[in-house]
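Alright, here's a single protein chain in two forms, structure 1 and structure 2, each given by itself as structure tokens.
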Structure 1
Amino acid sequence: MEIALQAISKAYDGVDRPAVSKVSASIASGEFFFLLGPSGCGKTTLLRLVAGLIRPTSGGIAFDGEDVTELPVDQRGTALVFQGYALWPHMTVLENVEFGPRMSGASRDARRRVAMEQLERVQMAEFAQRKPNQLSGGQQQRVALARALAAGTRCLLFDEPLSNLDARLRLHMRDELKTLVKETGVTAIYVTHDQKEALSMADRVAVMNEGEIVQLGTPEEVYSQPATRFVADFLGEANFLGGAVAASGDAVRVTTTAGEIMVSSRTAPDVGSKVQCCVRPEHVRIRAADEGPDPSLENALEATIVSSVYLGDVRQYVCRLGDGADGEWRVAELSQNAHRFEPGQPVLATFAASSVALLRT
């Protein structure tokens, strides 16, 4: 099912800013689409608008080209999967999954067949006669998914479904849930504030802030080429350095007080434009100052090691750029490959032109 959001807005009486403001997006059939953002950014409100639980103040929603803006929730063919699973505690697993087909008027044999097919799909058929309180969190999550699929939904709507699981099970369920959703071929919209969850599972990510989509793209695009400083900060650690464009074209040259930076930019800002250079910590490599620049990397900024923290798989450094007026950068290097640098040691922070994202100021 294709979903089109057409300048959708939702405002509440007595609240100055709309919860959702003129959001437009197209979601392809079978796509695993994520709404990512901090608490209060409007992502859950947008999900509830798609589900039909609330009505928009303005704008429209279309499913496969049909306007469903005014359709009630039970006629939309969507199913919500909550973080609390919402399983009926007095029913068995089988009865929970049968609930949707039973409400649609299916015969006992028909609904049992459908329910068992979906339980087989999520590898929970052997637990059909158990009650929800006899299942682990991950097993309850699978039953909730089977119940949604058994109801004949064309679209799955997930509201932070993994947030109640412990860290280890959450990692396991990411892969499992992604596989299950892609195998069914249904369209899925997933709300989360967990950046790693979105980056590891999504086909595309819509980053939201203050009721708007501020960037929409694949996980690689929004992480590697953030459109704004908010996106860069929200999607992980990032280093920033302000400057002005000195030369533009296929290779952009930015003059900063810490040194000149070469950028392989998809867009060519005008000469003189004020910009911020954004570089992820894992894209920076440290070299001893007396080694000189790495000839394979276009950029090298003079810096001094402030601190070093061993984190097992990586060693994280904090470097002070230049004389310190340009602030500090974080660098993450694999522990097994990294030469250890000590606080106070002069170094070069080196990185490729392709690792720099230009943010306009």
Structure 2
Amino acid sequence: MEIALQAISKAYDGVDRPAVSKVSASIASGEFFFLLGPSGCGKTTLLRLVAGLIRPTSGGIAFDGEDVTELPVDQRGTALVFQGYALWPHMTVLENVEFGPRMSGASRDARRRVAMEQLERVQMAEFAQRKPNQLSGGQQQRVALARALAAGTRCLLFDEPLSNLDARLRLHMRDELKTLVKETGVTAIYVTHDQKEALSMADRVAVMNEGEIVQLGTPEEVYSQPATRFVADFLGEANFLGGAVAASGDAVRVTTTAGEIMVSSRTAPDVGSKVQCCVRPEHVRIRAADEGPDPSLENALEATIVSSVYLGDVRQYVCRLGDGADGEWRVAELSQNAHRFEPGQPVLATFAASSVALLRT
């Protein structure tokens, strides 16, 4: 099912800033689409708008080109997996899972068959007669998923479904969920504040902040080519350096106080415009100053090591660029191949032009 959001907004009475503000996006059939952002960014509100649990203040929603904005929640045909699972405590696991088919008028046998099928799929068939409170968190999670799948929907909605699980189980469920969703071929929208979850599972990610989608793209795009400082920061650690565009075209040259930076940018910014250069810590290689620049990396900035911390898989350096006026950068070198640098040692921070993202300021 294809889902289209057209300039959708939701404002609550007595709250100045709308929870969701003029969001437009179209989600392809069978896509696993993520809404990622900090708490309060409007991602859950947007999901509830799609489910029809709340109505938008303005804008519209269409499923397969058909306007569903005014369609009540019970006629929308989406299946939502709630954050706290919302399994009905007075019903057994089976009764919970049967509920969707029962509402669509399935016969007793048919709905039992569908429910058991889905319970088997999530490996919960043996718990069919239990009450939800007799299950562990992970098991409840699976039942909630089975209940959603049993509804026979073409659109699954997930509201931070893994946030109540412990870290190990969460990692395991990520893979399982992704496989399941892809197997069924339904369109799925998944809300999370966990960037690793989004990057590892999504076909596309919409990064949200203050009620708006600030960037929409594949996990690789939003991570390595963040559009704004917010996106860069939210998706992981990032180093920034401000400057002005000195030359534009196929290769962009940015003049900064720490030196010149070459950028292979997809867009050609105006010469003279102010920009922020963003480089991920793992894209920077440290070299001893006396070794000279690495010919395979276009950029080399003079720096001084401030600290060096061993973190197991990587060694993390903090280094000061130039004379220190441009702040500090973090660099992560794989510890197995890292040459060890000492604090106070003059070094070069080297990185490829392709690993630099130019941010709007």
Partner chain sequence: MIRNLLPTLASGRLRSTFREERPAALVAAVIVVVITLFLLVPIMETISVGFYSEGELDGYWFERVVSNPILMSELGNTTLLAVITTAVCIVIALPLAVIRARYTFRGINVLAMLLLLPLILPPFVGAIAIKRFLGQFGVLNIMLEDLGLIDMAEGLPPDWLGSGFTGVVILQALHLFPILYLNLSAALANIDPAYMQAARNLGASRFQTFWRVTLPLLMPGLFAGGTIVFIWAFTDIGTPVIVGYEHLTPVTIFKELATSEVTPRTYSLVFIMLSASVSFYLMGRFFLGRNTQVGSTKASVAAETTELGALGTALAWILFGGVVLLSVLPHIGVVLLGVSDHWVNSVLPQEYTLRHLIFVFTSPESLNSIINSLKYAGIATVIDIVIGAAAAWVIIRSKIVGRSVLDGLCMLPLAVPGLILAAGYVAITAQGSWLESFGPTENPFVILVVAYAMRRIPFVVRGVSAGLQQVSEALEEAARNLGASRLGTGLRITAPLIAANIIAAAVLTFSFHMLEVSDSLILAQTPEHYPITKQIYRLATSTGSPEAVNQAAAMGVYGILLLGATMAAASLLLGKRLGMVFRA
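Counting starts at 1 with the first residue of structure 1 and goes up one by one along its sequence. Superpose the two forms; the largest set of C-alphas matching within 1.5 Å is the rigid core. A quick note: this is a predicted structure, and the numbers were derived from the prediction, not measured.
Of the two forms shown, structure 1 is the one predicted on its own, while structure 2 is not. With the core held fixed, the Cα of E197 is displaced between structures 1 and 2 by less than 2 Å. Fitting the two forms on the rigid core leaves the C-alpha of T267 displaced by under 2 angstroms between structures 1 and 2.
Once both forms are fitted on their core, a CA shift of 2 Å or more is seen for S136 between structures 1 and 2. On a core-based overlay, H90 has a Cα shift of 4.0 Å between structures 1 and 2.
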